[in-house]
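Next up is one chain by itself, shown in C-alpha cells, the form predicted alone.
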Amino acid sequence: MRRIVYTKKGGLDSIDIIEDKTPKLSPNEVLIQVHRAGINFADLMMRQGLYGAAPNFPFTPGYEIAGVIIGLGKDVSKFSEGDRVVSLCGFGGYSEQIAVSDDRTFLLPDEVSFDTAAAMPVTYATAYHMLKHLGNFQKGDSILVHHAAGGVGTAAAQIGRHLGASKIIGTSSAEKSDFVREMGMIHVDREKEDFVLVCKKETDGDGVHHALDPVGGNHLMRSYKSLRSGGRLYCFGASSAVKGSKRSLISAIKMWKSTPKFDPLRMMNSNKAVFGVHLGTWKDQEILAQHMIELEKLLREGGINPIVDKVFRFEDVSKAQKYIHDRKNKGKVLLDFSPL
C-alpha cells in the first residue's frame, strides 16, 4: 500500500509518496481501506514545521478519513469487515490503508457518500465543539466567523443557523463574497472593511456572542474586541503564520510576537472568555464520540450539508495543498484514495 509522507520541513517539494507494508492491528483497532481523506489547513502548517502538535519528521499527516473496514483487531466486536466508516484518525490519514482505534471510528449510513463523510469530522466537530459544547450556544446568539468560506467557516455557518443564530458575520476575500452570503452570512471584506466595526454595527453596539478565529497573532485581539460582555473567543489556528506554499520563518515569528497575552483581571471585568481549541489533542473520547453522533443526526435530518469544493487524486496531493495555499477553496478539499 502507498502513503504520503512529509520528508522534512518545507514547501511542496517536501511531500513524497512511498510504498509501505499493510499496518499491523492492535487488539482494539480496525484496518480501513481509505477512499477519501480530508485536508485541513493544519496539515499545511505541519509540513512547514509551524504546528506544535505534530509528529517528528518524517511522518504521514491526515486527521480524518472515510472508507471500508478490511480487517479487525481481535477485541473489536462492534464492526464487521465491509462496514463503511468515517474516522478521526489523528495522524496518518493520507494513506491507502490505516489502522485506527475502534473508539475513533463510526459507522457510515449507506446514503452518506465518502465525500460527505470525509468533509465532516474535523471541520464540523470543531465548529460544534466550540459553539455547542464550549460556548453553550443559545437561540438568538450572534457569531463572527473568520475564513468564512473555508471548511470550519461553512460548518459554523450551517451549525449556527441550525441552532438559531440571530446573525452570522463572515470575513473573506471579496472574490468569495457571493459564496459567503449564499451560506447565510453577512459578508465582511477582510481587506477593505473593519470587522470589529461591522460586528458592533450589526449588534446595536454590543458585539457578538461568539468569535471563531483561525488567524492568530494580533488578529485575536481584534476578534476579542468584537465580543459583547459575556462573549467567547475561540482560537483554533494560526493561518497568519503561513504566507504561501513555501516556509516563511519571518511570517511565523511575526505571528508569534504579535499574539496577545490576555490579562485574566481584564477578562474578569469584561466577562469575556478565551478558549484554545484543538480536537487533535482532545482527550475525552466520549465527548468527541457524542459530537459525531449528534452531527450524524443533523446530517440525516438535513440540518447540515458539508460543502465539498474539490477532490484530488492522492497522487496530486501537492496540487491539492497548493489550491488551499492560494485560498481558492470554498468549503472542503479532499484526497481520493479509492482503489482504481
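These numbers were taken from a predicted model, which means no experiment stands behind them. The first residue of the sequence shown is number 1, and the count goes up from there.
Omitted from view is the form predicted in complex with a small molecule, to which the following refers.
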property: Interface residue in the predicted bound form among F106, F236, F79, F195, criterion: non-hydrogen atom within 4.5 angstroms of the small molecule; result: F236
property: In the predicted bound form, the one of L227, V122, A157, I98 near the small molecule [non-hydrogen atom within 4.5 angstroms]; result: V122
property: The small molecule in the predicted bound form: contacting segment from 89-97, 108-116, 199-207, 142-150, heavy atom within 4.5 Å; result: 142-150
property: is_contact(V317, the small molecule) in the predicted bound form, heavy atom dist at most 4.5 Å; result: no
property: Interface membership of L31, the small molecule in the predicted bound form, 4.5 Å heavy atom rule; result: no
property: 4.5 angstroms heavy atom contact with the small molecule in the predicted bound form for H133; result: no
property: Distance check, S14 to the small molecule in the predicted bound form, heavy atom within 4.5 Å; result: no
